[in-house]
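Quick heads-up: it's one chain on its own, the form predicted on its own, in structure tokens.
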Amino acid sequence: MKDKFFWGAATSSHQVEGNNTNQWSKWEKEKSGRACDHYHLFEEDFKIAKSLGHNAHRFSIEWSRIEPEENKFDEKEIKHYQKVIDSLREKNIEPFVTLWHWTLPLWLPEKGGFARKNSIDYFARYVEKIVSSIEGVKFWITINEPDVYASKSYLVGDWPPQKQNIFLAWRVIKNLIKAHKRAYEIIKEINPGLQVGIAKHNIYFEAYKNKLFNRFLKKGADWVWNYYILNKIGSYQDFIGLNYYLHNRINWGFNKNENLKVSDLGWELYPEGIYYCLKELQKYKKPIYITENGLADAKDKNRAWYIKEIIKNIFKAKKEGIDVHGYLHWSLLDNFEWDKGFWPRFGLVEVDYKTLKRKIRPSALEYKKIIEKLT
């Protein structure tokens, strides 16, 4: 057998579980409702993942279930997530567990959410409760894409609480950095052997034709978007979780992409970009796991090609000495795509939202063949 590499897919609680009550479910334009009902059907879904050759799975714990009222923890819900982890372990699937994937319990936004400094203490209390209560997890991801959350919720204003204030967005980023550091320390105090990281959304900014002005814009964009958070958390991470979706060609301005192939959301499909993102992360000298990468593709016309090309570029980087150890495709299931609702289809597995029937897409079987070939 070749060196250990984690193959699998990812989900997040609010997008797949169903019947959540949090600040997002109170706001959303299209109601997530029962979503995929993964909360009750996780065993079926993990059997599918196992049949597809997956040996790892990333999911998130829903804070609003664990602490529906301030400082009142629901032990029944903690036991539920323990069952989820046990189910994965029984199938020899490594759990990568995200502690916070954007949704907040109802009481926290009333206190200002992550725009307030005391949110760090609330998050720390939640982290300590979960990590000290749950067994069978080696890999903990503290926060999913803090930069995206701050941007969409406090700068652009598309997501709750729909603020448009650059100073608030900056404050949220700073508080999330501190929250991650505190969580890292807490988890290490509980068990120094646990691996702790963050899921960071990086864009491949390309300085087209390497022109001086384009390189100048790339350097600034990289610093603001790709590296500020990673630089700040420094030694407070055992690994880097890379979420890669976007390429941005800079040619005397941003977004000068050719868009030869695009997803259903209009995002350019540029698989070679993941190679450059991995190369740029080499300076941190940390193990890297691809914690998200995928595309909205309802007709499944580009997914198999895209996965193949993505993995080819990952292993190109790996052969050049980049310390990458896993690929988790987004997503295992079609799911509720935040402010877009249900129409974008990211899943390796198609979900009929009326009947909740699961159907494996052809691209998932092609992914399985790649796993078998490289394992």
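Computed from a prediction, not measured in an experiment: that's the story for all the values here. Residue positions are given as counts along the sequence shown, with the first one as 1.
A second form of this protein, the form predicted in complex with a small molecule, is not displayed here; the remarks below concern that form.
Counting any heavy atom within 4.5 Å as contact, can you tell me which stretch out of 120-128, 172-180, 255-263, 94-102 lines the small molecule in the predicted complex?
It is the stretch 94-102.
Does any heavy atom of S153 come within 4.5 Å of a heavy atom of the small molecule in the predicted complex?
Residue-level check for S153: no, no contact with the small molecule.
Answer for K218 alone: is it within 4.5 Å of the small molecule in the predicted complex, judged on heavy atom distances?
No, K218 stays farther than 4.5 Å from the small molecule in the predicted complex.
With the partner left out of view, is W267 within 4.5 angstroms of the small molecule in the predicted complex by any non-hydrogen atom?
Output for W267 is yes: heavy atoms within 4.5 Å of the small molecule.
Spell out, yes or no, whether the shortest heavy atom distance between Y204 and the small molecule in the predicted complex is within 4.5 Å.
No - in the predicted complex, heavy atoms of Y204 and the small molecule never come within 4.5 Å of each other.
Using a 4.5 Å heavy atom cut-off, are D86, E135 and F139 all in contact with the small molecule in the predicted complex?
Contact check failed for every one of D86, E135 and F139.
W338, F46, Y39, W63: which sits within 4.5 Å of the small molecule in the predicted complex by any heavy atom?
The option sitting close enough to the partner is W338.
State the residue from Y289, Y245, Y184, Y81 whose non-hydrogen atoms include one within 4.5 Å of the small molecule in the predicted complex.
Contact residue from the list: Y245.
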